[in-house]
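Just the one chain here, laid out as structure tokens, in the form predicted alone.
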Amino acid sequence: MKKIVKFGGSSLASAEQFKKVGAIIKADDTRVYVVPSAPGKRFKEDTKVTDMLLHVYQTAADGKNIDNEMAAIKARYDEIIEGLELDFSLDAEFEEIKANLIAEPEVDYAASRGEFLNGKIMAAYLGVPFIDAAEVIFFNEEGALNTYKTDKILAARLAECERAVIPGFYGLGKNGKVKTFSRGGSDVTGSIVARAAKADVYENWTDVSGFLITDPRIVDNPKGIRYITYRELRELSYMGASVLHEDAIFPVRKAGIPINIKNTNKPEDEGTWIVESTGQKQDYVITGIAGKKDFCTVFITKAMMNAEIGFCRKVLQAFEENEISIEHMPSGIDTMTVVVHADEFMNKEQSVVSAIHRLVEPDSVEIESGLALIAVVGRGMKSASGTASKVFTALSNKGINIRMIDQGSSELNIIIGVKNSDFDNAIKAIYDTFIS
């Protein structure tokens, strides 16, 4: 058994949290490779170290003195080192970082140093080798991960170390400079390490005990999800649910490695298992509920449009010409609805309407804004009859009007469109119907 363990910023924000992490790692000999994030907030009003580093970058880029900013960041790390009672110093690393930022300010380099420095401390605390991610994770000219080179070099490097610390969030760009993933990218690093190490499990430790069925800001104390498939997670992440960086799924999915989301502050909790497939009995018919606000619908009508070859393609061309991405596209015999993000669409709406008229000569084009989309997701929906009916009844009983319905061919999810103002009540109604 071999486990890769990634710890988020809240898990490593202070010496006290570091000690919890150390105890978790030492409690299981199969936890062999550790991927740390940069220190997060210690308290609500605190600042994440990555944000502090980005401020230093901007100060350096503006040609201003960065001594005070660098001292504040060093104080954060010194506090952790002293709290762990380590005979260890980051003085040399801070001198190098300062010199590099003054000589040639690079935003990715600055942002990545939080993980780099935390990785150094973690390696010293555990007494294991430190592997700089810039030596084993590589990006291509387009800025995407160079999977082949990364897997080959990282696997060879890991084979030399029974245990190691590899900082998350960054690697080396094709130009020889440090390049970062998007924010939250330490999740991706953990997944890459898990694949290269041919791990049995990828444990992702954070400050929550796995995924919840829905947003706790909307529903009080929602139930947790024990098992969720990669496909279900993709559907929920797409609609706004976020515990894990969604790009972290792909490296381990291909390798068939399960992900276990666990809570650093409650390590005894089982958390959520993210798997390719499972025969585990579900607690409920649905797995999760997620959603987003502020969409627009463009409702196009034209008699006999179903007989007009290329009609849909031409409509979509109108959006492509205006560089607007499509979210959903339910249609009927003589109608077609295109759902788009309001913030992308509103400044270009008349240009899109004009293009639609030019390309397909519709009978009418109607625009409606203020739409919220809610996804009801669950692999159990395939074998349970009446799921859609229960959703519609739940909303009807609360006086919520459904403005749009779209069900995927996989029967994995149902997308419901409601007014922005009905968003919270709609989620509560669906949750109460299936869970409570």
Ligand code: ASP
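A residue's number is simply how far along the shown sequence it sits, counting from 1. Here the structure is a predicted model, which means the values were calculated and not measured.
The same protein also has a form predicted in complex with ligand ASP, omitted here; what follows describes it.
Only one of 23 to 31, 394 to 402, 63 to 71, 48 to 56 places residue heavy atoms within 4.5 angstroms of ligand ASP in the model of the complex, namely 48 to 56.
Only one of P222, G173, P362, G185 comes within 4.5 Å of ligand ASP in the model of the complex through a heavy atom, and that residue is G185.
In the model of the complex, ligand ASP lies farther than 4.5 Å from every heavy atom of Y202. Remark: A38 counts among the residues lining ligand ASP in the model of the complex, judged by a heavy atom distance of 4.5 Å or less.
Scanning 110 to 138 for heavy atoms within 4.5 Å of ligand ASP in the model of the complex gives just one residue, E115.
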